[in-house]
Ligand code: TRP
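Below, in structure tokens: the form predicted on its own, a single chain.
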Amino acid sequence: MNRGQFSSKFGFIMAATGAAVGLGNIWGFPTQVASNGGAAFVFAYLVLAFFLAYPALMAELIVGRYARANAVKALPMLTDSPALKLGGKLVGIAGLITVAVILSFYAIVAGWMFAYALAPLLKLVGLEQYAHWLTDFGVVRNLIFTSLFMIATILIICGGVSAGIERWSKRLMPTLVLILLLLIGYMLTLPGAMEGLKVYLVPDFSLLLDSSLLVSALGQAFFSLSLGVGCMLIYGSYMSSDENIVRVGAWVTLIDVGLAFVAGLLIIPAMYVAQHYGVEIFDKSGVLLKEDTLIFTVLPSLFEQMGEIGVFVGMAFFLLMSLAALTSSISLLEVPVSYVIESEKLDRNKASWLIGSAITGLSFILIFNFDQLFGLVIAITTRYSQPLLGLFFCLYAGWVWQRNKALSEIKKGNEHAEYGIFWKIWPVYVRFVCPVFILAMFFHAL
């Protein structure tokens, strides 16, 4: 059975980076920065992303390319023990469930981004009433735009690995970067921006002693790289054996972390520009407003204060958010779709629409029970399930899989890999350091 394969290194890097660069980077990272000591959090995030999240990312990529299968099949292939085979299968199934639930709430938030991107356009042509409907929280709006976002995701997945995921990632990612850089260039010319830039770039190193800051930074690094749910494992399974997997993984980490950092150059100064225009960004106790309030209340208020140019800036900003959401949702949907294709021998189109429709149905359940379920499923999946699954991926790659087989896989794209610094460090990291830090993050979340 032809599984499909990325046709180029650039295509893989764009797809894998797209999977990693989502709302967690463009929205989550800057607001985490603002809530956790500014530049000190940035410093901790950069260090932890490369020293802990990157080794965990490599575990998924290497196992994926070795097994050429989804997580449910890949993890059992690393061992001959029946008990460990069953454990690996259960971890893979848990990953499938987690990724489906993540996409169900992710699609709702992405739908909001779509709606907010269209609203300025309707204001521009005088349809104020409809523009307000797009930005007012409502069940009908949520149902429509969640569905539109999921349809866009399904259509890309239907195209397959090369003609769908790779093709659209190569288009969406450069567009995202261009819009981001243009917005930063404009935002930094506005009053108040330099104050935000100082908060973002000048660290108070004493804050690095705060354990909660370090755990938050590690959690952000894991979430932004889409670790623990099989996205990177399945992308690794589509990678050519000729590629230097260590170098490609480093590029994915570098671009993902770099774009998160660059996104902060937009969001943090924008917050202080909003404050300059009289928009409240802190509550009465001096705590930064919640993430959704910042994105859907503070920044739209700023765009309104900016006059006519604010219409175009607001449109560009929420288009940026929509593109970031779409590049991640592609990888999230591909995980269960690839499983159904391989286990049930279904046609890709049928599998994409079947799984996509089921996840859309799950989104509808969340929409109709928003207050009771939305925050709950986010907490369960991102705070608890994702770190635990990441732990098991590391344990299987580090303890269950034979080291010589892992080395053989790495050497396919780099025959001198065993003499490089990566092989001297990675096995120890994935065995000892990553599990310890992941467990620390998990218990801190509890």
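Quick note: we count residues from 1 along the sequence shown, nothing fancier. Nothing here was measured: the structure is a model prediction, and the numbers come from that model.
The same protein has a further form, the form predicted in complex with ligand TRP, not shown here; the description that follows concerns it.
Asker: Which residue, 322, 352, 146, 224, is the contact with ligand TRP in the predicted bound form, using a 4.5 Å heavy atom cutoff?
Answerer: In short, 224.
Asker: If the cut-off is 4.5 angstroms on heavy atoms, which of these, 332, 257, 157, 115, is the one near ligand TRP in the predicted bound form?
Answerer: Answer to the contact question: 332.
Asker: Can you tell me which of 70-78, 344-352, 148-156, 100-108 lies within 4.5 Å of ligand TRP in the predicted bound form, counting heavy atoms only?
Answerer: Checking each option against the 4.5 Å cut-off leaves 100-108.
Asker: Taking ligand TRP in the predicted bound form, would 20, 23 and 231 all count as contacting it (heavy atom within 4.5 Å)?
Answerer: Answer is yes for this spot.
Asker: According to a 4.5 angstroms non-hydrogen atom cut-off, is residue 386 in contact with ligand TRP in the predicted bound form?
Answerer: So residue 386 counts as contacting ligand TRP.
Asker: Taking ligand TRP as it sits in the predicted bound form, is residue 237 near enough to touch it, meaning that at least one heavy atom pair lies within 4.5 angstroms?
Answerer: So residue 237 does not count as contacting ligand TRP.
Asker: How about residue 363 - does it come within 4.5 Å of ligand TRP in the predicted bound form, if we only consider non-hydrogen atoms?
Answerer: Residue 363: no contact with ligand TRP in the predicted bound form.
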